[in-house]
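Okay, so we've got the same protein chain twice, two forms, each given alone as structure tokens, structure 1 and structure 2.
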Structure 1
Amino acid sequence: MNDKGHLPEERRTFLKYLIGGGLIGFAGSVLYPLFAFLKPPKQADVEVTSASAGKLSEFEKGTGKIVRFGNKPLLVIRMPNGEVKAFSATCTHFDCTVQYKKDLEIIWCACHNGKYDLNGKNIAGPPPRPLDEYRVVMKGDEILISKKA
């Protein structure tokens, strides 16, 4: 301390940095755990690779149904010609769940009237992208669905 009772300039700057740095460090050590806590943990999702969509013999032609694939809904359709197709049922617009519309033979999203054809291509309304298609394999009478490689 000099005769005026002030700290010398360099000591003062040093203390300023020390206190400022300390404050930043303190704020960081409080905020980091806080934000980390708020961020939802990645659930150890059982990575599903395939799911069953029931028996073909019980699946009427010209109908569709929603099947769970892990946590996600899939839309499985039995076409009028008997062929089975599977798509992600999550609308590419804002995440609603789509359905098969028998009378129009399209995939329809009720939320904002989004339409997809039976190849999952977006043909009308707001959806910006086609629906992802899944692979369908038959194991005897059972319909199995898996992710496309």
Structure 2
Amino acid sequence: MNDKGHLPEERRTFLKYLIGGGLIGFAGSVLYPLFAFLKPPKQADVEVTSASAGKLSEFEKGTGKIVRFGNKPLLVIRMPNGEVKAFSATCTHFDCTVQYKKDLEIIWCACHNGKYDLNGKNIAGPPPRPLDEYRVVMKGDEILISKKA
């Protein structure tokens, strides 16, 4: 302080930079984790050529089950006639998870009432295209799923 009780101009400028820098650092340390949380990093697709859906004896006729194929969900359905089919379990409209409706014998998306037949074809609602179908191979009692070529 000088004789009049004021800080010299250089000290005042130094304090402005010090406090301003501290506030910017504080704001960055609070906001960066917040934005990082709100926008999680994208996960790379896991390259999987085939996966096991379980044993055929675990599936009753006319039931469906969600299984993982890498990091994607698949819907495996054992049809009333005993045939096993596998489809992508994400709706082609907004990526909601679909499910098998046994009473209506359709694949149904609860988000916007999208409906697919048991061949994966979109038959009602907003889905713009059919579900992706996967190849099902039986190895003894085990159900193996792979991508169609």
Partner chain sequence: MKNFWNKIYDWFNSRLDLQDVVGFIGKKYVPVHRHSVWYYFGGVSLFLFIIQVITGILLLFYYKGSSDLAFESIQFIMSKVEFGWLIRSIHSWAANLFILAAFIHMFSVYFSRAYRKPREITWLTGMLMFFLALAFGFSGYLLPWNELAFFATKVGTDIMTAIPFIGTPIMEFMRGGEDVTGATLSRLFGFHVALFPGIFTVLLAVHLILVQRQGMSVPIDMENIPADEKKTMPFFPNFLLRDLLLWLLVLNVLAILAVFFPAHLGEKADMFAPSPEGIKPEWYFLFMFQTLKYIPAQVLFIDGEILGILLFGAAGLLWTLVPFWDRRSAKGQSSRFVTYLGLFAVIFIIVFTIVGWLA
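Being a predicted model, the structure only gives us computed values, none of them experimental. Note that the rigid core is defined as the largest set of C-alphas that superpose within 1.5 Å between two forms. Please note that residue numbering is based on structure 1, beginning with 1 at the start of its sequence.
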So which is it, 1 or 2, that shows the form predicted on its own?
-> 2
After a core superposition, would you say Lys16 shifts its C-alpha by at least 2 Å between structures 1 and 2?
-> yes
